[in-house]
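Just one chain follows, in the form predicted on its own, and it is written as structure tokens.
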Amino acid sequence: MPTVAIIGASRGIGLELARQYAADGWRVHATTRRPESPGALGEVPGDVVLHGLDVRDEAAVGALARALGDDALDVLVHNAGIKDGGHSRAEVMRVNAEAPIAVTEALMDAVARAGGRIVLVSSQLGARRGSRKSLGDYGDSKAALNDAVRERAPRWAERGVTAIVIHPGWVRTDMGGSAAPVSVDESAHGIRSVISRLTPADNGRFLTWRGDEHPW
């Protein structure tokens, strides 16, 4: 049975990815900060295993890795993130740039067992396009994530995994807002399609949910 871990699956794109993978017969390890009240995530039918996780909590990240035991992850999607409104710059950087790398490193053994694929959700707002000017707290956090993945992807490839960052589109979620042109379903379908086509030659790329190359 193919297995996916979705970090940040309680709502939006992460929740829809959990639904779609589970509907296709995958085992889904899905994380939420509130496992005691998972909401819609708790109602997803199929082989869905819920894990409590705050990505800022190193102990919780380690506990997740131990909970997976000797399981192999065919796919790891890190979707958890926050907006800059109401959060300090340090907190935005911690959640959006530092935590995805820490979680990926913690779960690397499980992904490597399957020769799997790692997808870290970024944003077009983190594309520096050659400029080193500030992109705002959120954009800077995603740019830092992009830079970190580019730096580490060659080393991760030595473990037999393929890692990319992906722009999910401007999606109608709590974060994207009601005016966004892309539905959650469309984005999740697109991301899954991109994941299904990944090869080792794609390692370290920045792609869109449509599969196009995105400028850094």
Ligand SMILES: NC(=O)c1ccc[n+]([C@@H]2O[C@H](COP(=O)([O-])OP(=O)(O)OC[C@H]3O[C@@H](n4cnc5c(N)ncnc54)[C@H](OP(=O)(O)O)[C@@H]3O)[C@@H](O)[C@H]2O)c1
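All of these numbers come straight from a predicted model, not from anything done at the bench. So that there is no doubt, residue numbering starts at 1 and follows the sequence shown.
This next part talks about the form predicted together with the named molecule, which is not shown.
Site test, Leu53, Tyr138 and Asp174 vs the named molecule in the model of the complex, non-hydrogen atom cutoff 4.5 Å: Verified in the model of the complex; spot residues all in contact, yes.
Interface membership of Arg205, the named molecule in the model of the complex, 4.5 Å heavy atom rule: Looking in the model of the complex, residue contacts with the named molecule do not include Arg205, since no heavy atom lies within 4.5 Å.
In the model of the complex, Arg159 touching the named molecule (heavy atom, 4.5 Å): Although the named molecule is absent here, Arg159 would stay clear of it in the model of the complex, with no heavy atoms inside 4.5 Å.
Contact label in the model of the complex: Arg33 to the named molecule, heavy atom within 4.5 Å: Arg33: yes, in contact with the named molecule in the model of the complex.
Ala80, heavy atom within 4.5 angstroms of the named molecule in the model of the complex: Residue-level check for Ala80: yes, a contact with the named molecule.
Residues from 85-113 in contact with the named molecule (non-hydrogen atom within 4.5 Å) in the model of the complex: If the 4.5 Å heavy-atom criterion is applied to the named molecule in the model of the complex, 85-113 yields only Val95.
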